[in-house]
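In the form predicted alone, a lone chain appears below as structure tokens.
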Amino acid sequence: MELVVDTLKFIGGSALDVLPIAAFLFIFQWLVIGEKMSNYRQIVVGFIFVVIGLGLFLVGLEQTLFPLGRLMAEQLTDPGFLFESVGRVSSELTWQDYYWVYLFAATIGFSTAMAEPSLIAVSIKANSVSGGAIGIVGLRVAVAIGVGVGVSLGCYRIITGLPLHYFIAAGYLVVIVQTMTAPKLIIPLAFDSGGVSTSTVTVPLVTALGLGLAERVPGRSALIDGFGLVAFACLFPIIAVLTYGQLSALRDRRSKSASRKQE
């Protein structure tokens, strides 16, 4: 019964969030454009589905994804588990001893990015617009690798307590250098990939993982150290997609060079 009440509350909250958007669209259509919306019944039904979907999604976050991320962080940072995995009875833990955390972070970052609906949609559109030059699976895998590496490196930052801005500044320095040499076709898509990779599936799990990890590692603050993983998940897909474009361009140049030699 409590779950039903919570679900209704989330659906009601979603309706209040969506209502101003819907009202603005209808008012703009009538007063500015001066025409009635075609298929307005379908539009209304669509908004109803959006409200219900958002409500159910928020329930899923609260009931599953957030607790799952925190639970995994607690289990992987448990001193008993860590000492058993490194083969020591009692000693001070170092950042190397948390290798299971890094592996889990890379895996969850990769898998959540591959499951992102927004990334799938962008990959399909990029493949269509480029005439097949940009592969759907190749782009998704490149972004997912970037997210996995970024989340894993973000967990390393939380464990070591190093300042966030050092990593972000160094990462964007790499992006600037890559942007100067990468194919122009891939640059706008690479920067968009950083946004679409951090959406409905990735952000809840990554945020919960960061908060849970900061709460369990001694000397870390959930507020200061727990956040920031999403920034890594946004940054490193840009690097990965730019690298994907550079490697594709290099492969094309080598294939053209080989074909010329054969001729």
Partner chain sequence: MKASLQALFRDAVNSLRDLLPIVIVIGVFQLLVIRQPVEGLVTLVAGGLMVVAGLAFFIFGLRLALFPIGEGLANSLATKGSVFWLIVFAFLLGFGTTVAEPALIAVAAEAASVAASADVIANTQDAIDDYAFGLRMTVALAVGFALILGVFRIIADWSLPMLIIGGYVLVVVLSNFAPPEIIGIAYDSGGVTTSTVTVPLVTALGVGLASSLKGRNPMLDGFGLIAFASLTPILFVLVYGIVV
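In this text, rigid core is short for the largest set of C-alphas that superpose within 1.5 Å between two forms. Positions refer to the first chain, counted from 1. All values derive from a computational prediction rather than experimental measurement.
The discussion below concerns the form predicted together with the partner chain, not included here.
- Out of the listed residues Val149, Val141, Leu93, Ile120, Ile120 is the one that sits within 4.5 Å of the partner chain in the predicted bound form by at least one heavy atom.
- Leu25 belongs to the set of residues with a heavy atom inside 4.5 Å of the partner chain in the predicted bound form.
- Although the partner is absent from this view, Ile136 stays clear of the partner chain in the predicted bound form, with no non-hydrogen atom inside 4.5 angstroms.
- In the predicted bound form, the partner chain sits within 4.5 Å of a heavy atom of Ile108.
- Contact check for Gly132: every heavy atom lies farther than 4.5 Å from the partner chain in the predicted bound form.
- Residues are counted as partner-facing when one of their heavy atoms sits within 4.5 Å of the partner chain in the predicted bound form; in 44-79 these are Val45, Gly46, Phe47, Phe49, Val50, Ile52, Gly53, Leu54, Leu56, Phe57, Leu58, Val59, Gly60, Leu61, Gln63, Thr64, Leu65, Phe66, Pro67, Leu68, Arg70, Leu71, Met72, Gln75, Leu76, in sequence order.
- With the core held fixed between the shown form and the other one, Ala105 has its Cα displaced by under 2 Å.
- Superposed on the core, the two forms barely differ at Met72: its CA moves less than 2 Å between the shown form and the other one.
- In a rigid-core overlay of the protein, Pro188 has its C-alpha displaced by under 2 Å between the shown form and the other one.
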